[in-house]
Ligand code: F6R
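One chain comes next, on its own, written out as structure tokens in the form predicted alone.
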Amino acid sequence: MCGIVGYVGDRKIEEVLIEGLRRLEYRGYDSCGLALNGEKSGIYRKRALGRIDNLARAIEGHTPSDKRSGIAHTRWATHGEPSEDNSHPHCDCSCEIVVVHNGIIENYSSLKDELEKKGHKFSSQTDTEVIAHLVEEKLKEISRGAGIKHALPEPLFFEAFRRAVNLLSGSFAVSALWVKAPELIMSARMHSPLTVGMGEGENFLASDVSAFLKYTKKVYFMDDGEIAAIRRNSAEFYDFKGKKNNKQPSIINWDLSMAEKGGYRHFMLKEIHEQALSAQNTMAGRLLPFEEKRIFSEIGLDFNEAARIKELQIIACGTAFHAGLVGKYVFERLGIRAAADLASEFESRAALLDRGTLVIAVSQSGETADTLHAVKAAKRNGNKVLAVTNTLGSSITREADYTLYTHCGPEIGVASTKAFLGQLIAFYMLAVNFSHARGITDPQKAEQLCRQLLLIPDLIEKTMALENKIEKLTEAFSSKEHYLFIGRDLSYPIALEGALKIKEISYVHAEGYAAGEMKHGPIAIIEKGMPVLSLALSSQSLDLIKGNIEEAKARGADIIAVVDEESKKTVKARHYLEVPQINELFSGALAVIPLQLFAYYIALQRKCDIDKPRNLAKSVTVR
């Protein structure tokens, strides 16, 4: 995944672009670059390896004064190693056309071969450079009379760009400048996010609205197969055949301060602390009065239709999959058959689903490539899809039949925390409502569960009191290279999530296991002093997890137990992290927080780049 920013207007363009890139750096940070288009000076292009600060220093005092438009890019490498040559923007042979691109051009190799036969010279290993040369070739074709003769620069650029993107296969968000049309940015989208921000006498373009939210909240979300022609006073949208689309803007209802650190050392820590508010926002106005069936009304699913759904299939990737796995357990506890699969492994078996099965697809960004492909596979099979996402206007919302937004606000840290919490809350709400619709949970019991759910924000605040203890505890463990996380039943997915968090940001080896599997192999890796984080909350499986803890202790493990007031009385561990007690169904929302804090402070002790862990990007929009 990469980040794109564009601007047409009278502001200092390089400053708008650099600021936008900083807000998108979570999307990729191997390299970065920008291009400015001047009325007389032509194309100014500068690229840098590494972080945005390197680019900012490189352009300081060197940008042309007559610039009219600009595009910029921060890269997460796919084709070609991180290097200045492989950095965006890329240009054609004469460097009169420059492009930035997010995604993968699947047919770039064959396109490149054809272009090289026509004399085009390539200077990078990327798939993106093909696009610049394609636009150049289409301009030549048009000028030779293959279409529009003697066209003015802007219509000529539009047509050349349109013809070029029609030849691309794969996923892409692409933006381009041409030296002869200094006040026009051409953009196109196919399976990769791209948004246009509308200002007064200025317009913006970005992969994520946070890049330009400081200037405008009026946004157009581009659709797959759509082209945008962006000028200072207008933004026009067309399909790939050139037919004009009439679009309506959306108004973003959160402000830029929500995407800033707010005094915290890292975005991740800020977002951990925002989880009480995230839980509250996800539930707000959706639970009580319960008899109003608010959830089904909001997502557009008829209550009687919901009652006929007998089975659920959850698909997601990474952290979202762990939330989905929790959802599976909660649905089943409330009497509804459910399965959870990794979206990347689901596509080939989608055809086996009964068509009456509702597919629930979970993605914080709504742009996760594997999840989107899995959704399309389910749709081809005739299944209805409910999207659970945090992002207004994202691709998954357009593919799905129904959408439930988690309303967590922007999440900047690459390692997901508050988005995961929002997804858990969404599953808790859905499970209670579906169980009631099916007649399994009576209205009184359902309302009681909803009232317990509403306690979660306050209980999260109480859980945060563990932070100082956890920070001190990590001093003794930060040098460890191996960790084991164990849990049973509803706690098993939380163990998986705890292991993933510490791997993501601390670069240590960690494994999450269903504790019942310990004797089937994992117990062999335990040695003296190895930290084993055990989820030992009050539950129907507490006696079993206590036995697993004793097995680990007998092999020298250093036990850190996540407990509540009741379970702490019988669990024997060296270290305790006590969370408030709550209905076992909802315990994951509290149990995950000490694991998030533990991972954060281990990474801090190890001096890791917490918000931008190596080799990772916030959303995986390529397969």
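Computed from a predicted model, the values in this text were never measured in an experiment. The first residue of the sequence shown is number 1, and the count goes up from there.
The protein also exists as the form predicted in complex with ligand F6R; that form is not presented, and the subsequent description refers to it.
Enquirer: Which one of these stretches, 293-301, 360-368, 328-336, 202-210, sits within 4.5 Å of ligand F6R in the predicted bound form when only heavy atoms are counted?
Expert: Flagged stretch: 360-368.
Enquirer: Of the options 378, 320, 314, 132, which one has a non-hydrogen atom that comes within 4.5 Å of ligand F6R in the predicted bound form?
Expert: Answer to the contact question: 320.
Enquirer: In the predicted bound form, which of the listed residues (459, 500, 385, 473) lies with a heavy atom within 4.5 Å of ligand F6R?
Expert: Comparing distances to ligand F6R in the predicted bound form, the residue within 4.5 Å is 500.
Enquirer: Does at least one non-hydrogen atom of residue 504 fall within 4.5 angstroms of ligand F6R in the predicted bound form?
Expert: Within the cut-off, so yes.
Enquirer: With the partner left out of view, is residue 432 within 4.5 angstroms of ligand F6R in the predicted bound form by any non-hydrogen atom?
Expert: It does not: once ligand F6R is placed as it appears in the predicted bound form, residue 432 has no heavy atom within 4.5 Å of it.
Enquirer: Contact between residue 219 and ligand F6R in the predicted bound form at 4.5 Å, heavy atoms?
Expert: Flag for residue 219 set to no.
Enquirer: Indicate whether ligand F6R has at least one heavy atom within 4.5 Å of a heavy atom of residue 139 in the predicted bound form.
Expert: Flag for residue 139 set to no.
Enquirer: Out of 397-417, which residues reach within 4.5 Å of ligand F6R in the predicted bound form, heavy atoms considered?
Expert: The stretch 397-417, when checked against ligand F6R in the predicted bound form, contributes 414, 415, 416 at the 4.5 Å heavy-atom cut-off.
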